[in-house]
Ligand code: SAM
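Here's a solo chain for you in structure tokens, the form predicted on its own.
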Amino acid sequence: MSNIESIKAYALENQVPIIKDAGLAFLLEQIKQFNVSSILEIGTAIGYSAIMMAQTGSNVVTIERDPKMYEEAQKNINSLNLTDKIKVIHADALMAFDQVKDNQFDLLFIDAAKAQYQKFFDIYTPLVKKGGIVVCDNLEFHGLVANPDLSNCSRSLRALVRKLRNFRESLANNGAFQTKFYSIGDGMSVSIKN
């Protein structure tokens, strides 16, 4: 079993959400299409997407707040000898701006706490180069974002879905970016910075 396969197996076994295969293929396609060399990722988890993005030749800075995930990501990145391509910052992304503020990125990939997407977007998009892109994952959230009837869902889940809907609307109406939505994986968006 390759290291990538064992990382995917670990994610499945430990119920760690990682990007779906179709979403990953789409993300890697965007990296190629937009000639991305520098990436900021919000939400490392066990390092799977950071590793896959780094294997395109890009340099990745990724932020993870969970200590167990951070340790697992470091272990996975070390085992694949990618420490020169991936820097993992152990911090809450809502508080980590000062650690990355001196950088500019071709790609901002948001795949962390769904309820915080708008805040992550607002905090980190100033670091995206002109013509750079922002990719967000899980925008359909298992089909719930498009579902008009959430009466069977918990209050917290309804609040989360409302925040994702509002975020999608905000992206669609943000004049500083051109955004397209895709029903790939669990729903993705690509926003090009004007």
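For every residue, the number given is its place in the sequence shown, counted from 1. Given the structure is predicted, the values throughout are model-derived calculations rather than measurements.
As for the form predicted together with ligand SAM, it is not shown, yet the points below apply to it.
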Please determine, with the chain shown alone, which of 155-163, 126-134, 47-55, 140-148 has non-hydrogen atoms within 4.5 Å of ligand SAM in the model of the complex. 47-55
Quick check on Ala113: any heavy atom within 4.5 Å of ligand SAM in the model of the complex? yes
Although the partner isn't part of this model, could you tell me whether Leu28 comes within 4.5 Å of ligand SAM in the model of the complex, counting any heavy atom of the residue? no
Might Glu71 be said to contact ligand SAM in the model of the complex, defining contact as any heavy atom within 4.5 Å? no
Is Phe105 close enough to ligand SAM in the model of the complex to count, meaning some heavy atom within 4.5 Å? no
Within 4.5 Å of ligand SAM in the model of the complex: all of Asp122, Phe167 and Ile192, by heavy atom? no
Pick out the residues of 36-70 whose heavy atoms come within 4.5 Å of ligand SAM in the model of the complex. Glu41, Gly43, Thr44, Ala45, Tyr48, Ser49, Ile63, Glu64, Arg65, Asp66, Met69
